[in-house]
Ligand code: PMV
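Before any questions on how it binds or moves, here is one chain, the form predicted on its own, in structure tokens.
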């Protein structure tokens, strides 16, 4: 076999971020913005990782933890080799259309695509569960204690309902009527810092915020019901309410509000922060025929606007 190319989708949280840290459920979507990994055999005892963004790294197998953006990819490759009982030299070329550090699961999509490409190259009949678990190795290196949602959504595609400790469930929804538009605030933020700040606020005002977290749980359950009915008007309304809850716990700001209200005024069914907040991107749910106009309006207030659909396909073999 010459080489194997696999792609995997980005993800966005539809409803439930921050509240999920305290055990509430959340729903995430796979986006039709993809990362690609191409794996091929080498006649040398090295693992070579090639990235247009980060260059070329060659690992000889004796590395300890390395401060290197491609090191997590190497760890994923090593994990697949362990599964295969092999020391085969390999080259993996990474290409991604997913913006990094935007809350869209860029690293997880790369890890999932890499794990699948290497497994297929080595002749392993790896299940989606095994691919997800192997990709998680890279996520742990980057995020320390990731929830596992990013790599799960990237592997399985579609809509995923999840809560920490209770696992993941894929929802059966036809998203063909709608599109998603994302707009970047241009503000860098630290997810860890924001999560810690929210948890501190919850601890300080628990008698008030316990009610907000309870409402967030009901909201996610209602969103799940609306999705399964394909009532996207109701989904949009619930997204707007979810944004209000996120604003109440202190993770919005003037720029995010500008983008959210721009999207709503342009005709979005719903618009909210996606991910940690404090910066990053907003997510707007739109009817398919309205998406282009909404994206155009958002582009007046944001330097990076993405228009996409929900990807029913998770990790996908492209060639090989």
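All of these numbers come straight from a predicted model, not from anything done at the bench. Numbering follows the first chain given and starts at 1. So that the term is clear: the rigid core is the largest set of C-alpha atoms that superpose within 1.5 Å between two forms.
From this point on, the text means the form predicted in complex with the ligand, which you will not see here.
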**Complete:** Within 4.5 Å of the ligand in the model of the complex by heavy atoms, the stretch out of 49 to 57, 259 to 267, 288 to 296, 272 to 280 is 272 to 280
**Message:** Quick check on this chain: which one of 306, 24, 13, 310 has a heavy atom within 4.5 Å of the ligand in the model of the complex?
**Reply:** 13
**Prompt:** Since exactly one of 75, 149, 216, 98 fits, which has a heavy atom within 4.5 Å of the ligand in the model of the complex?
**Reply:** 149
**Prompt:** Is there a heavy atom of residue 84 no more than 4.5 Å from a heavy atom of the ligand in the model of the complex?
**Reply:** no
**Message:** Given that the ligand is not shown alongside this chain, does residue 191 nevertheless sit within 4.5 Å of it in the model of the complex, heavy atom to heavy atom?
**Reply:** yes
**Prompt:** Do residue 245 and the ligand come within 4.5 Å of each other in the model of the complex, heavy atoms counted?
**Reply:** no
**Prompt:** Heavy atoms within 4.5 Å of the ligand in the model of the complex: does residue 103 have any?
**Reply:** yes
**Request:** At a 4.5 angstroms cut-off on non-hydrogen atoms, which residues of 290 to 320 are near the ligand in the model of the complex? List them in order.
**Result:** none
**Asked** Taking the rigid core as the reference frame, is the Cα of residue 222 displaced by 2 Å or more between this form and the one not shown?
**Response** no
**Request:** Determine, after fitting the two forms on their core, whether residue 195 shows a C-alpha shift of 2 Å or more between this form and the one not shown.
**Result:** yes
